[in-house]
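Before any questions on how it binds or moves, here is one chain, the form predicted on its own, in structure tokens.
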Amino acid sequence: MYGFEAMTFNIHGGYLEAIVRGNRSSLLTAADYNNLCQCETLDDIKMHLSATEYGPYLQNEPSPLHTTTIVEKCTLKLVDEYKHMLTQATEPLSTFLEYITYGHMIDNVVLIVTGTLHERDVQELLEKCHPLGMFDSIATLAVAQNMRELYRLVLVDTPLAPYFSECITSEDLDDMNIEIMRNTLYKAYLEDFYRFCQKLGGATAEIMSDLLAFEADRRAVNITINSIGTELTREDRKKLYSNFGLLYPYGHEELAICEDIDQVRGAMEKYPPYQSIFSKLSYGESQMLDKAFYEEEVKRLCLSFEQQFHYAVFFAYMRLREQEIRNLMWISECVAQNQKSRVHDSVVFIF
């Protein structure tokens, strides 16, 4: 019922949409970033952030500060806002909000399994996990030796269980298999989220289709670039691409046979939305590609706020806040390591 959301949306979603639009107005502006980039120490960054909504979270932190502390406290603010929205939400918005966290769950599972493989302390790994992706049995992931055990012992009771059907093998877990597992899980997750949004219909389906298609295409490009020069076959590479998006299916055929970054560029430049991204890079260069993709994503996320009566604003707000935390982490690291000249390299301005 596209166009009729205005009649019923505010019954259940009006309060939370107002909350999320209010939260969006507290995102850091270009002026804030310019001030942060001038800071000489982490305490200067803390002082500047004290005038923003991060202030209450950082005010009791003693000197000397560490980058991890700043990132941790800023993430805590995001988690508090998310939990507030989730407790107020009714169906289907509550399910939509839960879907947003599944990506973090996948990252946490991969982090724990990889860390265990390299004999890292489980407690130390748990501290590095993203708080939005935590679940009850996450600490027991360390006991699994292969995919089948990982599923049977731990993940069968989590929301990730349906996504594991495609990657349950008896092969032992090694770095290559874990990376394939991560991408297979992400593929299943994005396709499931896409189907769920299509089922919701209306403006939510329209806007989320665009945002999720962009995410799927970006992952396809990253998988291609990261698998160049590895033993991953073309067929295996193609299996990791999501079955939707602007590149599906013909772009995937081309990406699957790419042997270097310039061939990837040639395949992508046939698609106008991605032509502008690759035109920012010089030939043979892939270091700045992530930033170019993040900038395009931020642009699309901001546009989702231009329409009303849909759930995509919740997804967009969470993503924008995560980008802001990445920006703060980069600025803090540059200041802490006395690399002020590189501070603008990875900062993506949101407004």
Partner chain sequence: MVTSSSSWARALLQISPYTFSAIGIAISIGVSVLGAACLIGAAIKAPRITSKNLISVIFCEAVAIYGVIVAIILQTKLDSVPQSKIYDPVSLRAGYAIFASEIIVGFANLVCGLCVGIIGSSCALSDAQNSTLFVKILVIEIFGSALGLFGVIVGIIISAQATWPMK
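Here the structure is a predicted model, which is why all the values come from computation and not from measurement. Residue numbers count along the first chain shown, from 1.
Quick note: we don't show the form predicted together with the partner chain, though the next part is all about it.
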Within 4.5 Å, heavy atoms only: does Q59 come near the partner chain in the predicted complex? no
Contact between S341 and the partner chain in the predicted complex at 4.5 Å, heavy atoms? no
4.5 Å heavy atom contact, F309 to the partner chain in the predicted complex: yes
Decide whether E40 counts as a contact residue for the partner chain in the predicted complex under a heavy atom distance cut-off of 4.5 Å. no
Could you tell me which of 66-74, 22-30, 42-50, 289-297 sits within 4.5 Å of the partner chain in the predicted complex, going by non-hydrogen atoms? 22-30
